[in-house]
Every structure is written in C-alpha cells, then in structure tokens.
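Shown below, as structure tokens, is a lone chain in the form predicted alone; questions about how it binds or moves come after it.
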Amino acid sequence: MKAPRNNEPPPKGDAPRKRDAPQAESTATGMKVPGGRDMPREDRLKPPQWPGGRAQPPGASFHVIGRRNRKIEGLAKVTGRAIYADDIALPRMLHAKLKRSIHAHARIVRIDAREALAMPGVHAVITGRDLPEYFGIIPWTQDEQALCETKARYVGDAIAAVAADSEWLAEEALKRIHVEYEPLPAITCIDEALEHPEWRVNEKSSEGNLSKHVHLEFGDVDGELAGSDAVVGGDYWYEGSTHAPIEPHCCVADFDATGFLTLYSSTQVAHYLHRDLAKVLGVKAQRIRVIQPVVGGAFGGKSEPFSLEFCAAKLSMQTGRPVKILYTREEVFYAHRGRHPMRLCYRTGIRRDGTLTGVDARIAIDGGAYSSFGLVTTYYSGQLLTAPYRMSAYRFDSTRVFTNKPCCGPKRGHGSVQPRFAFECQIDKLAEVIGMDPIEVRRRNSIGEHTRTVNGMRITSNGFAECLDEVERASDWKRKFRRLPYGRGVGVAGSMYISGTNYCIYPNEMPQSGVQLKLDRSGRATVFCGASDIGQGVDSVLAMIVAEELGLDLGDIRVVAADTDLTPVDLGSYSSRETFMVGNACLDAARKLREQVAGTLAARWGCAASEITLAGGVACSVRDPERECMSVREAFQATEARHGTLGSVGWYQSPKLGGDYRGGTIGASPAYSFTAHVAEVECDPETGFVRVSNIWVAHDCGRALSPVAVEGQMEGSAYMGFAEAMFEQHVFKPAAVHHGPGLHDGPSLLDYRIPTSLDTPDLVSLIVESVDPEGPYGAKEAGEGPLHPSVPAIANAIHDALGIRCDRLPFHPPRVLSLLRAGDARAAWEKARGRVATAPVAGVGGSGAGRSGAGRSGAGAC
C-alpha cells in the first residue's frame, strides 16, 4: 500500500492491508492457521503470536503506529546537540594514531620506537607483541590482531600505535617509529590468489589462499536445464565499493584506577565489541563498559571491532589516562569492510510459458586480507537468491579468497546484492529470448506466501506481486517498455531480503534482543535496550511501540540504548534485525505493563480488562468513557499502588529455522521483505553518458510502523544501489605495478566518486504492507532490501535504451562506449523491440527460442 505523501492526512486507525494472510481451518487442531490445507502440517504457521503467547487483538486500531511521526532524536541532530564519539573530551585525555604498513605484503623484521618515545609529550608506543591475541567477528575465523605482529597483509595494515598529548604530536611521532620490512609477493586479484597458493596471504587458511568454499545443490539442475526451452548463460563482475559514512571511526577509552574500562565507540555492535575487548585485552567482561554515542552513519562498516578500539584501550591501560583515536578519511578507506568484488557466472533455464527451471551459479569472491564476515558472505552469495521466484532446481558454488587488500565485509544488503544483479539481468535475458514482458515473467514465477524456497527457507508474508503491480503502474511501464526512442529506456528488477537472521554469531540459547521498561508515577516511560541506532530510527520505533501500548505521547518516553552497563543485550544493527527483533522484545515488555494497568482499572470500574483503552494520554473504559476515565499518569499511580514499582522485561529469540543441511541456517530469517524497482534512463550514444532520471521503489515492509522512516530507508537504499551502479569503485593498484601495488586508487571523498544531489534521480517510494504474522504489529525490514534491485533495474534499462548488456560495474561512459563500439547495438535494440512486439503474451516470440537451441543465448558462457 502506498503511504500518504507529506501533504496528505495520516490514516485513521488500522487501514485495510493488501496482503493480510488468508485464514484456513486446521482439521487437526481446530485453530486458525495462515496458509491452507495443502501445506504440510509442520509448515503451517501458528496464528499471529506475540512474545508471551498473546495474540494480536483482531482489528486493532492504532493511534501512534503507522502515523507520520518525526524521529525522536531528529531535533538534536539537526541543531548540533547530538553527541558523537569525537565530541567526547575527558580530563587528561591523550590522542593516539596508528602506524600503518606501506607494503601490500611484507614480513615485519624489526620495529624501533625509541626515537618516538624520546619526544616530549609522547607517552606510550605499543606493537603487536602487546596485543598478541587473535580475534574475529565469527568464532570459527579468528584471524586478526589489533596490530600485526609478524606480517603486514595490505597497505594500511596497522603495525604500531602511539599516544601523545595531541593529534599533531602523535602524527609526528609516527614518523619516528622505524619499521624494517621484508617485502613478499603481493596478490591483488582473485585469479592470482587461486594460481599462487604458495604466496600465502593469511596463515590461518588451511588451504592456500582459500577463505571459504561452499557447494550446495537442490534438485536436478542439469536435468532441468536440459529440459528447458531456452537456457541463457552470462558472466558478470560486481566491483567492490565502500560505505563512505559521514562520520569516521572514532573511540575514547578510559581505564580508571579501579581497573574498570569504559569505551565510547562509534560501533554498531556494542555487545560483540564488549566480548572481543575482554578476549583481546585479557580483562574480565564484567570490568568493561561499552557505550555507543550517536553514530553518524555506518551501513555495515562499523559492524565488528577494529584496531582503534583495542589500541585505545591498551594505551589507556598503559598510561592511566583516557585515550582517543579518530581515523582520518584515508584510514576509513583502508579499514574498509565494504562490498566484496565478485565474479559471477550463471546459467538459467526457462520454459515457453515463462516458468523458470534450473539455476546454476559459480561465484568467486575477493575477500581481502582477513575473514571478517566472509564465512557468512560466501553462504549468502547463494542462499539468499531463492526468492522471490520459484525455481525447480538450484546449484551454487561459491569461493572466497584472500588477497593483499583491505578486508571486505558487510555492506548494506550484505552478500546478496552482487548475485541479485547477475540473476535479475539473467531473467531479463530469458524474457527477451522467449518474447515475454520481463514483469510478466517475474509475476508468473512469484513464490507466493506461506511456503518454502527450494533451499528450505520459510516464507511467511509476501507482497512481491503487489510490488510489481505498484512499479508497473507508477512508472507507466506498459507505455514505455520497448516503446521509447533510441537512447531512452526502462528496466525492472526484484528481490527479497532477511528481517534479521536466526544465525547468531556465537551459537547460544539466550535471547537475541532484550528490553527493560520502567514506568514512572509522573507518567513517563523509560526504555532500556542494547539496540544500536545508526540513523535508521530504531530508538524512535521503540518509543512508538511504547506510546501505542501505554497511551503516552512520544515526548513522554525516553530511550536509553547501547550501553552495556545499563541495558540488556541486543546483538546490534546488522542483517536488518532491529525493528523485527528488538521491536518484538519491546512489544513484549510494553504489553506486560499494559495488562497490569488495564487489570487495575478493570477491577476499579467493574469491567473486563479488554474494555480498557490507553490512548492520547487518557485511560478509559469503552463501556462508559465519560465517567470511567482518567489520565494515564493517574492510571500508572493506581497500578503502582496495587502492584508496587512498575517495570517489565521483554525479549525475543528467533525460532529455529532453515534447511537440515550444513549451512542451512545461514540466510534463514523469521520473515523476508520483498522489493521491485523500475528505473528509467536517458543515454547519449555518442558519449556513453547515462543519466538515471527516475527510480520507482515498491517495498513490502510488512506493516509500516513509521511511514516517513520507511520511505527514507527506501530512498537511501535506492540511492546507494544507484551509486554502486554508476559511480563507485573501491579499487587498488594491481600487483603488476612495480611501485605501489595494493595502493588505493582514491582514498578520499574527492577521488572516490559518489553521487551528489545533482546526480541523484527522482526516487519514488511505494510502500506495500503485507502484515507479517510474526513481526511487531506485522512489521518487517526496510533498511537493506530496497537496495538490491537498483543495480539490475538500471542495467536492464540501459539495454532497453541502447541494445547493450552492461554486465560489469560501474556503468560509466568509457564502459558504455566500449560496449556500443563492440557490436551493432542499434540492430540488437531493434531486434529486442521486435521480439516483444510480435510475441503472444504466453508464448514464444519471433526469436524461435526452443529446444532446438535457437534460444540458448550464451549457453556455454559458464
């Protein structure tokens, strides 16, 4: 459902939703279950249940949820009152800087810091020997040290750290730390990593430069491809990119005289940082406190511990004074953890009626020098492709390798953006071969709701069909596709993404999210949670949930978050988990208190607790609202007099999900979001310049708890995908370069090209609400899913405009020009138009595609 624009009034109550789950009677239990009798009993979902086993009230009317509320932290940010990590200045604070490797691959023979330590105002220097413990975000791939002890693995790898009275003095001291290197052969691409296993980048790898290899097959792929009416093969390259947040990485460490460490960090995973600090520093976890100040952007780039946090803490322990480390913009580029470069090779089959058959994928991944989230990335590159479309059989073989470059990790849409680009281009090629509209192909293969994917992932709600309808209508697709003049075109793509992952980074049976909620007799509520707000608005979501349940104004709610001393554990902002998981935990806590308040008032007024309403600062009985009425403040006081101090806890733990095979839980999620994009482009065939004029984004986020925030996430995601398609390249000098292999081509915001407001297309957000049975009020994710279709939609639009296939990123003028000059693009453009124009909707067009092989475009490409 499209959200109202800014000039429209907010909806009243609970508007009808497009995709409320159908209800079917279960003959086995007599209870209502979404889905139908044709589903296996073990696959049938329970009725919408909330934490504690309480079902959502039928026909619930909302007073706060779904309204166009402002973010509770917005005013502080725009007025400059928000406190970021670099704003923190403690008494007697020192400043520290990191000495970094000038070689892509080299043994560290000797480090001499005597000259630096002799400088007045320099207080300490540490090296890898001071922090020898290995760490890593994934327990099975602990392969990093805060400072390299024996070998540097990329240009910029941290080797030593110095603490001084000022940043300037620390920078000067770095020049006086002398490092003797023994250079080693550098590996800067996937092929070199595979061809030279003896040039071992990371000694933690048990097999050459292999980081992770996954091979999984579901169904008879070869048989399905052999029986297809058309098979298309294609090779794709997705270039690496980085997050480029406004705020660089920063932290302040304070180790006090009692042996207690407090660390302020611009992290998005305070809990995991807390765990790794204890491990690396050898300090008991209960003697460490991690506080996340306001974060100025992250996008996944701050979702694991970094060298600065360990080094600042160690230097504070050595000097007995607070220590701050702030990365320069160049250091942020070398810290990286951004999008993995991927080489993708696909073969995909289709029948005459548009049914997808078999999918065969081979993927090679450049992981950089360390593991990071690489184990998960390798699985995600295959596991997250099996929706929103049905496929009869699927196989993927994915290999991640180590190279002498900064480590790649999770960037918005982690691990699945690259394969989605390749696969959505494949679908367009297949649609062209059989002469069918590409939206129609996607519509016919939609996997539907309350089902399972070919690799065993459970799908609950699904609004993908509505997403296709919305972008088709809003973009005027039928009038434009294959009908615009040469140089102009439209393209479509779809995707799905997870709403949190059931795969906990370290396996345990404890909740993934927890909330403590306190009510004050003044009529105020305080939410304590470990959630990390990185700009997506999770603090506001929690405040809205409490306001909805307890009848409070948003201004009467305070959120205390991401402080490991004050809040219960939340695993952090990654995998689009916060709204779904911490939202459910908050709803659990709020409803427990609401039951206490309603029970108190029901006893006083002699009515049922279900007849008590809390809304707009007022508590009343629906039976006689004029007489049986009081303020919520008075209601809280009455409840406190009856029950004592008012507080509750709520929690969320994901159900056990995924297929019964090795890796089957990776990619499993309690709910999936769905997205469709249409992009419109204007291309100049003489210069190769492509202007993306419009992107229509339809996203199924379940219920939109805050439509303004959802639209902002949709637009930000589409912008980031557009940027990767047209501008961004996180590339390095190759090993063939004699001077400076492994150097970043442009580690600054002057040289690393990202779009300005003048470059950005018009973005139209179309909210589709499928109301998921397990999300808080039916909500699902909206922060990462809307990115995926941007890149392939633009690529498909360029083909519609020029007749060329852009299978390699980015789509900049030199690349477009080279494709135009490589063949007769105008003839291909005219042929594509003829296929769709002459083909019946359900049949094969004039291409002659069939088992004879005429339609097997690129069948041998892989």
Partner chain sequence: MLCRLRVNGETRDCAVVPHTTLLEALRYALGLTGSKQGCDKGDCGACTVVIDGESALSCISIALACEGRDIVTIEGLARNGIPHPLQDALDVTGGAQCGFCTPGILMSAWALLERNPRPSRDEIALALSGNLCRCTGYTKIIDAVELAASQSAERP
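Bear in mind the structure is a predicted one, so any value in this text is a computation, not a measurement. Residue numbers count along the first chain shown, from 1.
Just so it is clear, the following notes concern the form predicted in complex with the partner chain, a form of the same protein that is not shown.
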query	finding
Triple contact flag 243, 326 and 711 to the partner chain in the predicted complex, non-hydrogen atom at 4.5 angstroms	yes
Listed residue (75, 117, 737, 618) with a non-hydrogen atom within 4.5 angstroms of the partner chain in the predicted complex	75
The unique member of 248, 208, 599, 659 whose heavy atoms fall within 4.5 Å of the partner chain in the predicted complex	248
Option from 470-478, 118-126, 753-761, 496-504 whose residues, in the predicted complex, bring a heavy atom within 4.5 Å of the partner chain	753-761
4.5 Å heavy atom contact, residue 719 and the partner chain in the predicted complex	yes
Close approach of residue 168 to the partner chain in the predicted complex, 4.5 Å, heavy atom	yes
Contact flag, residue 63 vs the partner chain in the predicted complex, heavy atom cut 4.5 Å	no
The partner chain contact at residue 664 in the predicted complex, heavy atom, 4.5 Å	no
Residues of 288-303 having any heavy atom within 4.5 Å of the partner chain in the predicted complex, listed in sequence order	294, 295, 296, 297, 299
